[in-house]
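One protein chain, two forms: both are listed below as C-alpha cells, the first as structure 1 and the second as structure 2.
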Structure 1
C-alpha cells in the first residue's frame, strides 16, 4: 500500500510540474522546441515512473530507516537553501556549498568534499557561462 501512496504522490508532483510548465511564457524569438519542452519531458518521465509504481507495487517494500529519512530531509533542506541563496551568493558560491554538503553526505571525506564541490561549481560555471554563454546568478563578487 505504501508504494501506491508513494506513486500517487509522484503522479501528483508530475501533474503539478506539467501545470507549472504550462504557465511558462514563450518568446517569439524562441527556438522550435521552446522552453516548455524540458519540463514536459521531466513531467512525463516522472508520471510514467509513478504509474509503474502504482500498477506494480512491491509486495514487501523496504523503506529506509529514520536516520536515512533524516538524511533525505536534510538534502531537501540544502536544495531549498540553495535555491534561496543563489541570488544572494551567486552561482559559484551557492553551488560550491551545496555540492560540498551533498558529496560529504554521500560518503566523501570533508576535505575531498570541499575540493570536489568547488571544482564542480567552477566546472559547471565554465561550461554554462563561459562556453555556452548562458546567464547565471551573479554574487557579490560578480560571478
Structure 2
C-alpha cells in the first residue's frame, strides 16, 4: 500500500513538473531544443517509473508507530526552529539547545544531555570558528 501511495504522489509530481515546464516563458532567443523539451522527457520518465511502482509495489516497509512518528516530526520542527533562530540567538546558544534536545530524545538522561549538548556546541565553535576560522552565526553577544 505504501508503494501505491508513493507511486500516486510520484505521478502527481510528474504532472506538476510537466505543467510547470509547460508554462515556462520562452525567450525569443532560443536554441533548437529550448528550455522545455528536456523537462518533458524527465517528466515522462518520472511518470512511467511511478506507474511501474503502482502496478508492481514492493512489500510495505515497517512504518514507525504514532509516538515515534511524532518524535521525528518534533525533531524536524526543532531543526527548522534552529535554522531560523541561528541568526537571532547566535551559534553557541542555538546549537547547544538543538544538540541538547536531540541527545535527550535519543535516550540520554536530561542532565547528561545538557552537558553533552553544551560540550558539542562549544567544541564545534572552538574547532570550526577559533581554529579553522569559519564564520558562524553571530548572536547579540557576538558568538
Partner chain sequence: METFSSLADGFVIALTWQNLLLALLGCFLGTMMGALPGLGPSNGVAILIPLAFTLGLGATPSLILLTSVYYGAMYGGRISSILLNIPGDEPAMMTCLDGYPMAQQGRAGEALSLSGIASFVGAFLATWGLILLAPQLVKIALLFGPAEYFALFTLAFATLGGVASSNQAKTAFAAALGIGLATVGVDTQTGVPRFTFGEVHLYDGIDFLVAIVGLFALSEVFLFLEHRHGDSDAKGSKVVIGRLMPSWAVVKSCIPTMLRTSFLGFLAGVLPGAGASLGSFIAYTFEKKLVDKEGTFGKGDPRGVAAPEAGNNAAAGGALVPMLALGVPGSGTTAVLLAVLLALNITPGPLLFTQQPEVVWGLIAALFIANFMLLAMNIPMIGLFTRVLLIPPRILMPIVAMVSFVGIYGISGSTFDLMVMVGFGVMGWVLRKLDVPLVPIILGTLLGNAMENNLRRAITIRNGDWTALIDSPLSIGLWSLAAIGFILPIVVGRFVKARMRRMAKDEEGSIVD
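Numbering follows the first chain given and starts at 1. Between two forms, the rigid core is defined as the largest C-alpha subset superposing within 1.5 Å. All of these numbers come straight from a predicted model, not from anything done at the bench.
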Identity of the form predicted together with its partner chain among structures 1 and 2: 2
Cα displacement of residue 16 between structures 1 and 2 reaching 2 Å, rigid core superposed: yes
Residue shift check between structures 1 and 2, rigid core fit, residue 66 Cα at least 2 Å: no
Smaller rigid part, angle turned between structures 1 and 2 (C-alpha superposition) in °: 56
